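The chain below stands alone and is given in structure tokens; this is the form predicted alone.
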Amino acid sequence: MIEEATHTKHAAGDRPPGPAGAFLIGSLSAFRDDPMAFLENNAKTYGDIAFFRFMGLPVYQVNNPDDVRKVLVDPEGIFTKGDILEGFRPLVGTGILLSEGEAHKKKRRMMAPAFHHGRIRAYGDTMVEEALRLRETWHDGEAVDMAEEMNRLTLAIAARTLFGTDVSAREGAAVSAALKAFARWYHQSTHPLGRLLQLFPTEATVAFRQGKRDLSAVVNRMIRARRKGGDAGDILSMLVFAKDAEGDRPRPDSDSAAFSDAEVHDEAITLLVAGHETTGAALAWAFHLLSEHPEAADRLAREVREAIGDRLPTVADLPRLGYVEGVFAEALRFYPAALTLPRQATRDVKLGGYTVPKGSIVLAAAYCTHRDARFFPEPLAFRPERWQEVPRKDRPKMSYFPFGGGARTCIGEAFAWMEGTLVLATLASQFRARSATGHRVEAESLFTVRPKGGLPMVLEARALP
């Protein structure tokens, strides 16, 4: 039975319990060293809301769906992305990820047609084509790094569907290296002396600066090709050829005003990164979970074969692939791309019966809420069938939020669900993947929640019935 969470009432001036932290730096080092253990311990020890500090910054961790909804849906307009996410600015610039207010609304309106249900369905064939291209390179007994395989696959899909182009092996390697360099640099920035370290040419800083140049070169090549090739109806075309109602002259106060070259660049980087990194990680985790639960892997293969036989899956098959989608949903439940979704309060607000002061950081802790037994019975059990027993729409609102919530819900959510299901149906129905002997699988949270040190696996071709 799925329960509704309730709060204890507190006096308005009370502060939630939480870890004491260290002198001066508070809980910053504890969070930085092992964020998953830190968040889990807070949820277990202090309940639905916990208070701590990062240096002098007050932080509130919320795990209750009612509080999560208030923070992410934000009907009163209290919260912004805030100071913590500013660390992403050197990567995504003025992109939609960090934009606020009217600027965010305008960008989302302009991009929405590319993610319309009908257009997303048209992307399905490309997703399967790329998954098949990868599958045809796989061989029985081959050793692969599944994290790298899924990252390359989702990058290829994002490039073709969103930008109408292919990514060369060299470009793919450059994108991957740039994101790894950013992850190390961002982790460095969370050090108590991180702001100071960024002023010096540390190894992480130098690598990130080079990675960003390489990533920009890939994106700029795509932009030049689109300008030369003309409007192809993809999202890159919408960015490149956006004009105001009177033609080429930008009119900043118009919803249809053109993006500047810098804005096109930043939005393209944001979409390229967000359009493949999180889904690639989720697919890698799905293969890991299937390797740990071979009975679930067999059930997935049976469902695909009963639904479509030996042909390739299509978008029309999705309603018959409920268990496959459940595997992807469980991967996102166990390993949400972002452990927390941070926001910053612009005025005092009540959460969990406490008054959260203006300027405080609030962390909506997906990692904890997704593993809460009140909303997910047997939360540590891998049960893809739970999503057929109780569909996502029937669970308490915001008990599951791998794509955020409210006006800032990931614009590509439907894209990701379709991609995850079709890719798993194409690959996992034909190949098992077992974890390499002697490799300990651990999660680390840098840019996204990914397998630490990769995910070495050995492929086993399934025997046809």
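Just count from 1 along the sequence shown to find any residue number. Everything quoted here is computed from the prediction, not taken from an experiment.
Below, we refer to the form predicted in complex with protoporphyrin IX containing FE, which is not included among the displayed structures.
Q: Exactly one stretch in 333 to 341, 205 to 213, 370 to 378, 139 to 147 has heavy atoms within 4.5 Å of protoporphyrin IX containing FE in the model of the complex; which is it?
A: Checking each option against the 4.5 Å cut-off leaves 333 to 341.
Q: Could you confirm whether L153 comes within 4.5 Å of protoporphyrin IX containing FE in the model of the complex, counting heavy atoms only?
A: Contact with protoporphyrin IX containing FE, no.
Q: With a cut-off of 4.5 Å between heavy atoms, is S435 one of the residues that contacts protoporphyrin IX containing FE in the model of the complex?
A: So S435 does not count as contacting protoporphyrin IX containing FE.
Q: Considering non-hydrogen atoms and a 4.5 Å limit, does protoporphyrin IX containing FE approach F328 in the model of the complex?
A: Yes, contact at 4.5 Å.
Q: Is T409 a contact residue for protoporphyrin IX containing FE in the model of the complex, using a 4.5 Å heavy atom cut-off?
A: Contact with protoporphyrin IX containing FE, yes.
Q: For the spot marked by G18, P65 and K350, is every residue within 4.5 Å of protoporphyrin IX containing FE in the model of the complex through some heavy atom?
A: No, the whole trio is out of contact, none within 4.5 Å by any heavy atom.
Q: Of these, F115, F241, F382, Y186, which has a heavy atom no more than 4.5 Å from protoporphyrin IX containing FE in the model of the complex?
A: By the 4.5 Å criterion, the partner-contacting residue is F115.
Q: Please identify the residue among P35, G26, P402, P396 with any heavy atom within 4.5 Å of protoporphyrin IX containing FE in the model of the complex.
A: Flagged contact: P402.
Q: In sequence order, which positions of 97 to 121 have a non-hydrogen atom within 4.5 Å of protoporphyrin IX containing FE in the model of the complex?
A: Read in sequence order, the residues that approach protoporphyrin IX containing FE (within 4.5 Å, in the model of the complex) are L97, H104, R108, F115.
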